[in-house]
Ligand SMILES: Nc1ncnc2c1ncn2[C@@H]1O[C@H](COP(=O)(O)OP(=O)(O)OP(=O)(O)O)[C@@H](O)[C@H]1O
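This document opens with one chain alone, in structure tokens, the form predicted on its own.
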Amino acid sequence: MADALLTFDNVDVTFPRRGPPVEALKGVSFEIKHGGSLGIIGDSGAGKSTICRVAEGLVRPSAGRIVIDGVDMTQASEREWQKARRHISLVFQDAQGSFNPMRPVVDSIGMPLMSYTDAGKAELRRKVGEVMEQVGLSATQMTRYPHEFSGGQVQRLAIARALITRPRLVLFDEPVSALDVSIRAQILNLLTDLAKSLSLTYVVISSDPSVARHLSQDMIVLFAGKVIERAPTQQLFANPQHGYTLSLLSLRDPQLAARAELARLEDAALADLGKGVPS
């Protein structure tokens, strides 16, 4: 844990509501070391996005601890979290909706710098231009408005905004789910290149296991708020241990799909034997 940038230690998150409370996370534990990458996969409602919000201090754990770069943030004040967010960036699932349609993109991309530094207007525009070019856009486009960009370009803008403060940790929440197949590949390749050139430490949240596989070194599988499997990415894809993981991965892998169907038939046969059904 000493060299970990982000640690979740037995974290629970419970949301109150009328009737029984919603247990979004149940005893979730993992860590990411400096320069590492973690993929988090699972179906919708598994608790993946809640992990992002806990890591940003937007949702507080009901139990357990969250430690960032050696500092226990579990009981941190809002002021302490504001300081921590200087080093944590989130790329939202809805990139288009995260930009103010009434302002040129230079304002949105530069907002984190305005919040955390005293950079002047000229310095702000210089840094916005630099980060736009890093993500494959032109600095001359910074005065345009969000509606003047394509979906893939808006996703690049969102990545630029996340990187402008040179964060220690980047959280990607479904980074390509809203894009068509050809654009998805471009953005995934961009993220791979940026991860290498900037030595990023990051978490990738995805309902699509192939996205997390492309980007992450290690993987955890969430089901109903619990971590049910964890392994290095290639190991998990080569030999998933949990039936749910096998089912999840088989949606995109014909060989795993065949294995999942065989497991289903074996389970059905065992169930019939248990009931005493004659063969």
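For every residue, the number given is its place in the sequence shown, counted from 1. Computed from a prediction, not measured in an experiment: that's the story for all the values here.
We do not show the form predicted together with the named molecule, though everything after this point is about it.
- The candidate site formed by Asp180, Arg184 and Thr192 is entirely out of contact with the named molecule in the model of the complex, as no residue has a non-hydrogen atom within 4.5 angstroms of it.
- Shown alone, this chain has one stretch from 64-72, 45-53, 31-39, 230-238 that lies within 4.5 Å of the named molecule in the model of the complex by heavy atoms: 45-53.
- Of the candidates Gln93, Gln153, Thr201, Ser108, Gln93 is the one whose heavy atoms come within 4.5 Å of the named molecule in the model of the complex; the others do not.
- The partner is not shown here, but in the model of the complex the stretch 19-33 reaches within 4.5 angstroms of the named molecule through a heavy atom at Val22, Ala24.
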